[in-house]
Ligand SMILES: NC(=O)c1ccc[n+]([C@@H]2O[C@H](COP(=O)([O-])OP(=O)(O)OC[C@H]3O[C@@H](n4cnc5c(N)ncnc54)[C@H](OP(=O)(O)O)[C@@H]3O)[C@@H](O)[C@H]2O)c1
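Before any questions on binding or motion, here is one chain by itself as structure tokens, the form predicted alone.
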Amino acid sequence: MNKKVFIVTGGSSGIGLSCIQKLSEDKQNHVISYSRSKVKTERAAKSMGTIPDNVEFYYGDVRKEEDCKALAEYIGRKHGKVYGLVHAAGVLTKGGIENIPFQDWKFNLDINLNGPYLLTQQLLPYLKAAQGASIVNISSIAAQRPGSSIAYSVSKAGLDMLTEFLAGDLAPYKIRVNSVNPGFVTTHIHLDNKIVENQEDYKKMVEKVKKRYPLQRVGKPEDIADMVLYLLSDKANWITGSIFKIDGGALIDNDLLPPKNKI
């Protein structure tokens, strides 16, 4: 039996890596991690211990049309169909309009928004061929409530609209498109993007941030990956164009409610 091919961008860390690990548990899947960083890929391989036989690491940059085209050509030669595409690659540059240079603004939009557009466009023939493919965009609640980065928030708001537009645009090809919008999740994004300098500062930030969450904790990568796997599966075959908040209740937090004794 031919294996179902799934591609995960940013699959070498955080939410993307968790998606890779969960998808690979089904041996009928062939999972491709698409990442530009060999350092992160080596870190991911070390964290996994033994890389499953059905996981493949492919190097490329979602910002570059030629790299996206090269991956599409590889898929065409070797597989012919893509059943699932997860856009999990993301960057974050902290600050507002006064302290984010245009090159950093562009870097955020190129990876967080232009990358999903470019790669989806190049892979479209193989997504069509699957006759029931699913695309999942990893967005953020910063798309709905501005966060600490103007560039990140705007890029994720754009990604949500891309989700809704593509859902209608690609529905005739039986391609579903949905967005998963996490709150704060414990990944490497804050350290890798120098939002904090070291692990100790990161732990302090997590302790501070979790107070904003009604469920009294921040998210884990597997919290998001579980939802992604559901949206990739046939169980979600009548869901498209939806934006799913996975945020521990952050966006519905109401400080006017009477206090309760916490467990």
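Numbering starts at 1 and runs along the sequence shown. Model, not experiment: these values are computed from the prediction.
Just so it is clear, the following notes concern the form predicted in complex with the named molecule, a form of the same protein that is not shown.
Report task. Go through 70-78, 139-147, 120-128, 168-176 and give me the stretch that gets within 4.5 Å of the named molecule in the predicted bound form, heavy atoms only. Result -> Heavy-atom contact with the partner occurs in 139-147.
Query - 4.5 Å heavy atom contact, residue 190 to the named molecule in the predicted bound form - result: Judged by the heavy-atom cut-off of 4.5 Å, residue 190 is in contact with the named molecule in the predicted bound form.
Query raised in the report: Any of the heavy atoms of residue 113 lying within 4.5 Å of the named molecule in the predicted bound form?
Result: No, residue 113 stays farther than 4.5 Å from the named molecule in the predicted bound form.
Query raised in the report: Would residue 91 sit within 4.5 Å of the named molecule in the predicted bound form, counting heavy atoms only?
Result: Within the cut-off, so yes.
Report task. Please run the contact check for residue 184 against the named molecule in the predicted bound form: heavy atoms, 4.5 angstroms, yes or no? Result -> Yes - in the predicted bound form, heavy atoms of residue 184 and the named molecule come within 4.5 Å of each other.
Query raised in the report: Of 31, 232, 225, 62, which residue is found within 4.5 angstroms of the named molecule in the predicted bound form when only non-hydrogen atoms are counted?
Result: By the 4.5 Å criterion, the partner-contacting residue is 62.
Query raised in the report: So which residues in 31-51, when you check the named molecule in the predicted bound form, have a heavy atom no farther than 4.5 Å from it?
Result: Stretch hits, in order: 34, 35, 36, 37, 40.
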